[in-house]
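Starting off, we have a lone chain in the form predicted on its own, written out as structure tokens.
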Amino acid sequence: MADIPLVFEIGITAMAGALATIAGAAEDVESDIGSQGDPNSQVQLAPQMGYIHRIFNKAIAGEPPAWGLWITLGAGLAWAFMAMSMNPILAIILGCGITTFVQGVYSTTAYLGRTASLAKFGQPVYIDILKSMTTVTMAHAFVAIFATVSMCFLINTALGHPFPLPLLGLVWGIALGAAGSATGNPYYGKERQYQTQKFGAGVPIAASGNIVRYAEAGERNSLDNGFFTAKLAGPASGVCFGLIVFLEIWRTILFEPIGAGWGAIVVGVIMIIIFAAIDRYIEVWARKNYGPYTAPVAEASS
């Protein structure tokens, strides 16, 4: 890290964590509206099982590689514009804006291609869904890309990280997609798409593709999933990614000078053990208080 006051470094760390929290929340809402990541397999399978739906189905790739691409592209464009003596703020906005249009093109072709492949099962292409959902995913994508690229810029310039901006974008873009996929998708995939299943039951083989297709009024579309995600999964993903960024930079700033870098490594291992213990406790507590995971035999037979 650069030779700057510790208080300043902690302030930059807090700001980077705040930007990461915003990025994580926007990323997960974008992903769940677009049915990207884990839940998309059931959306893709539904027509093959006879369940026609109005859910946007764009999964360009798994979230980590897809977001690695978006953030790297946004950071790379911003880096190139700044190399041409453009104002950094304007460069980041312009780079992220161009990347958002690329994301929109990928989303459009992915939706049309995936839906066309399901034509034999009677799944139509809904033009209103394409036009309305694509713009919504692009809006959330811009927020996530801009916040993450800005975070990388802070780490690169204010904290003096040796990685160039595009490489930082690749690393944190993959981390952003992984945080949303691991933290936010279970809300949408298991709690929203499969509200008819018992808590924690997962997706039984007999229910494969039988997603909940009707909302409180009319057929469900991806905006309904977005409203749900913005309440629970988005904030959860934001807190997850924000903590990852904040604690990673925090432990590096404070403990890297100790033991030629081993201090930061030891603290990182201790943090992982603590979080693993907390996760295990919460999981056991949830099973005991909100189970059972599967229906009793007598209830199932009745």
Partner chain sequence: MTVKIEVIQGGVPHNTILVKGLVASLVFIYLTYLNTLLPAGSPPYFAFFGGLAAVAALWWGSHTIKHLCSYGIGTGVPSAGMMSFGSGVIAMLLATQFGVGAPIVAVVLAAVIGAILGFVANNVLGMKIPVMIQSIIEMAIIGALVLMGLAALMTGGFTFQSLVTGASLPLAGILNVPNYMGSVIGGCLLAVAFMLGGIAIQHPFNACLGPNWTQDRMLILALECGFLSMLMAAIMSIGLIDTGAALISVIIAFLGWIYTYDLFFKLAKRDAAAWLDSKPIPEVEGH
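Not measured: the values here are computed from a predicted model. Residue numbers count along the first chain shown, from 1.
One more form of this protein exists, namely the form predicted together with its partner chain; it is left out here, but the text below deals with it.
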Review point. Can any non-hydrogen atom of Ala80 be found within 4.5 angstroms of its partner chain in the model of the complex?
Key: yes
Practice item. Give a yes or no for Val136: in the model of the complex, does one of its heavy atoms lie within 4.5 Å of a heavy atom belonging to its partner chain? Key: no
Review point. Should Glu219 be counted as a contact of its partner chain in the model of the complex, where contact means heavy atoms within 4.5 Å?
Key: yes
Review point. Phe101: heavy atom within 4.5 Å of its partner chain in the model of the complex?
Key: yes
Review point. Looking at Val266, Met49, Leu247, Leu254, which has any heavy atom no more than 4.5 Å from its partner chain in the model of the complex?
Key: Met49
Revision key, fill the gap. With the partner omitted here, the residue among Gln193, Ser150, Thr229, Thr72 that in the model of the complex has a heavy atom within 4.5 Å of its partner chain is Thr72
Check your understanding: With the partner absent here, would Tyr106, Pro164 and Leu170 each sit within 4.5 Å of its partner chain in the model of the complex, counting heavy atoms only?
Key -> yes
Check your understanding: So which of 22-30, 52-60, 269-277, 255-263 is the stretch with heavy atoms within 4.5 Å of its partner chain in the model of the complex?
Key -> 52-60
Check your understanding: Which residues in 110-136 have a heavy atom within 4.5 Å of its partner chain in the model of the complex?
Key -> Ala110, Leu112, Gly113, Arg114, Ala116, Ser117, Leu118, Ala119, Lys120, Phe121, Gly122, Gln123, Pro124, Val125, Tyr126, Ile127, Asp128, Leu130, Lys131
